[in-house]
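First, one chain by itself: the form predicted alone, in structure tokens.
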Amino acid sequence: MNQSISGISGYDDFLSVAKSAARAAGDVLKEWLGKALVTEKSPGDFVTQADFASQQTIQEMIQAAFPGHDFLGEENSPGGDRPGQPIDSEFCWVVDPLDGTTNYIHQLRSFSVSIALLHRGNIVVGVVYDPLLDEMYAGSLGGGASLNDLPISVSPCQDINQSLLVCSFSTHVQEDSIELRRFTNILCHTRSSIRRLGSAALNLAYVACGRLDGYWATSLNLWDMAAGTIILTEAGGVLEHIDSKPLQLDDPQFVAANNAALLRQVSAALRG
């Protein structure tokens, strides 16, 4: 397969394999829905048989197509809150085989498969697949973003008072935590138009296609947001670190929005 990254056409093979793997993993998730055994990796952090079966399917397909590439999946990560190497290697696939596990366990229809490709530490390809709605979001560096192969773009909203935002919380929110202070700070600016949907990958994809206008999160891992990040930016969206500095993949705390004007308003509102 062509592994050139010199132009847009160089990503076609990667995208094709990622989409096929995501669809196959989605079939696995549908097969296990309502039947998978649930365990806890840590208090409040659940994993199911479906997570492992989905990841195995993805890994087998990707490594068959690109045997020289590295692979980092949530269910084979080296532990802790942050993934280690090989994300800075020549090619590394970063995968969340089931983003939204808690929703999945409760059969709440908001979960996804997230697959990204990093080239020397930079995200160049991403797909996010919702298997129940059969929605395939995809993006590649310089190649734009799509939903089921049709181009997508962010919403035109530029006023936080008119926006619909989404957020993520950690599994161990404390009563006096900065997470809750940020949420309280911004709530009065949005006419209570804030959602918590349970899948970080879908949150980013929804901002990319205009269903949502902005998103912030401070408790994610790389595999939660890598694919959605490139889909969003290729759809015209913007992201920055929660502290208003450039986003770093080894510290994926961020604010994302459809445009810079709204991003500035959301960031300011989070600070209070």
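Start at 1 and count along the sequence shown; that's the residue number. Values in this document were obtained by computation on a predicted structure and should not be read as measured data.
Not on display, but discussed next: the form predicted in complex with a small molecule.
Note on contacts: among Q49, S244, S219, Q63, the single residue with a heavy atom within 4.5 Å of the small molecule in the predicted complex is S219.
When you look in the predicted complex, the only residue of L118, A200, I186, L165 with a non-hydrogen atom within 4.5 Å of the small molecule is A200.
Listed stretches are 157 to 165, 118 to 126, 137 to 145, 94 to 102; the contact stretch with the small molecule in the predicted complex is 94 to 102, by a heavy atom cutoff of 4.5 Å. Contact check for D213: every heavy atom lies farther than 4.5 Å from the small molecule in the predicted complex.
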